[in-house]
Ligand code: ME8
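One chain comes next, on its own, written as structure tokens: the form predicted alone.
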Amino acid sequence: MKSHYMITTPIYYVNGAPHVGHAYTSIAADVMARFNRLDGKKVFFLTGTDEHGQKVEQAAQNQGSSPQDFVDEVSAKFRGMADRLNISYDRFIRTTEQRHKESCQALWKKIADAGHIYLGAYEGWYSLRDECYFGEDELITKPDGTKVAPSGAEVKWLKEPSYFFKLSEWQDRLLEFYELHPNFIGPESRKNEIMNFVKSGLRDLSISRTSFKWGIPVPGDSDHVMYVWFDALVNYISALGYPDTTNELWNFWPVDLHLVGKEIARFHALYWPAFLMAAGIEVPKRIYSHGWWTVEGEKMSKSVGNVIEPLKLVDEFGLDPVRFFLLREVPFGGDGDFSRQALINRMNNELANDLGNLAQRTLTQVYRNCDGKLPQQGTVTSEDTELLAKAKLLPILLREQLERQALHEALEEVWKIIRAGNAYIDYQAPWKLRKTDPERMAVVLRVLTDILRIVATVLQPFMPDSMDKLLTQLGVEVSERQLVDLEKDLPGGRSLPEPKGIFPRFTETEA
């Protein structure tokens, strides 16, 4: 098993405040980073902010501040969001860092020296909002005859000197790479979109601008700044010290997973591998793009006033319930619809009723009827062994599901065990066995605590604070919370603290 694992979020563009879409990507990446740490791997989890480009320059001007002051302020908000959401990043990178600029210029020079960059002039449609050029055939014509980008953003005809990357020469190489590495792009629908786009023909890519200055200067030609997407993508290797590929961090390359939103899949799955191939650097192992969130069926919009601010959700509902809801509500990779009632329903039905109730009933019985000590293991029945065997499969199942970013399926597998545990405690009725068969009662409670230990261990990446509390109540030491530790049973007789509810029901009157 590979001992190193690297995962990245996209670096978030600082022309606006963080919203629930940013939180969603960060939480999903955090779950995968934490799970791989739990699985005994050395993990490098990278996130950060993308701080150059014309949009940033204009936003700073509109605010009456310098671009640097503007990005300092907004980047701090993104870092604050990550910290508040308990995102366990190893590095928060900013593209205004000097070492990132040096990495970008080194990569540019490497690609240019290999003959893949030339100076020309660009003339075509450009979307400022998307920071992207579009071909005539990609534009959408509105009923009034105006042309817009596929995203709906306004486009303008631009003409300016530009350096070009010979992207057209990489069409066959990219298609061959996609065929040889069928898991490189996920989900399958996004992979098909990108392959069809490449098959339709690639044009050389404009990778510099002269119409503004807020960017990284092109080596040897300070009249040009680098195209913001060239600059942004390089963060994934500049964070590892590129061009120094002898340092210890370079052991994490190639990255195991770039996690991105579907609107930027093309940049990561097409431009980025082409840049890396041109520089003779290994290509990432996998690019996975998730869907968008709507709110009560409507697209999020500042003008409509329905933008979901993640930290306000956390203030009202608590951090772990929000983390859980975002990953439980919709299959990861598809679009999702946020509704307040859906969040409350998940909290009350699955966290409070299912998991919270199972833990509270079990631990209360242990505390009252087993002198507050973890029961010893005893003679088990076929029902006991069947339930335990299913629970013990969870680490294997979750490992496979998280490798393909099926976070929704991973949680469903855990909830199958939780529901089975609730059916088991109802059927076994340890509160009745206390009078009729105390030895059997102790065995039943031990089976339940063992199941809860497995559940709480594998749920740590999803709800770290809540599962820390549950594992503590189960008598599991901090040094016993890795997946490998589940291979050893806890010794009976450990004193357990008095149980306290972890997931209270939410009612609107408490809001």
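On a predicted model such as this, the values are computed, not experimentally measured, just so you know. In this text, residue numbers run from 1 along the sequence as written.
If you look for the form predicted in complex with the named molecule, you will not find it shown, but the lines that follow are about it.
Do all of Trp108, Lys166 and Arg266 end up near the named molecule in the predicted bound form, with near meaning a heavy atom within 4.5 Å?
-> Answer is no for this spot.
Report yes if any heavy atom of His19 sits within 4.5 Å of a heavy atom of the named molecule in the predicted bound form; otherwise report no.
-> Because a heavy atom of His19 falls inside 4.5 Å of the named molecule in the predicted bound form, the answer is yes.
Looking at the partner-bound form in the predicted bound form, is Trp292 within 4.5 Å of the named molecule by any heavy atom?
-> It does: once the named molecule is placed as it appears in the predicted bound form, Trp292 has a heavy atom within 4.5 Å of it.
Do Gly124 and the named molecule share at least one heavy atom pair within 4.5 Å in the predicted bound form?
-> No, Gly124 sits far enough from the named molecule in the predicted bound form that none of its heavy atoms falls within 4.5 Å.
Classify Ala232 as contacting or not contacting the named molecule in the predicted bound form by the rule of any non-hydrogen atom within 4.5 angstroms, answering yes or no.
-> Because a heavy atom of Ala232 falls inside 4.5 Å of the named molecule in the predicted bound form, the answer is yes.
Contact residue in the predicted bound form, from Pro161, Gly318, Gly261, Pro243 (heavy atom within 4.5 Å of the named molecule) | Looking at the other structure, the residue within range turns out to be Gly261.
Which of these residues, Phe252, Tyr236, Trp170, Phe134, gets a heavy atom within 4.5 Å of the named molecule in the predicted bound form?
-> Flagged contact: Tyr236.
Tell me the stretch among 253 to 261, 422 to 430, 352 to 360, 213 to 221 that has any heavy atom within 4.5 angstroms of the named molecule in the predicted bound form.
-> Among the listed stretches, the partner-contacting one is 253 to 261.
Residue by residue through 6 to 42, tell me which have a non-hydrogen atom within 4.5 angstroms of the named molecule in the predicted bound form.
-> If the 4.5 Å heavy-atom criterion is applied to the named molecule in the predicted bound form, 6 to 42 yields Pro10, Ile11, Tyr12, Tyr13, His19, Gly21, His22, Tyr24, Thr25.
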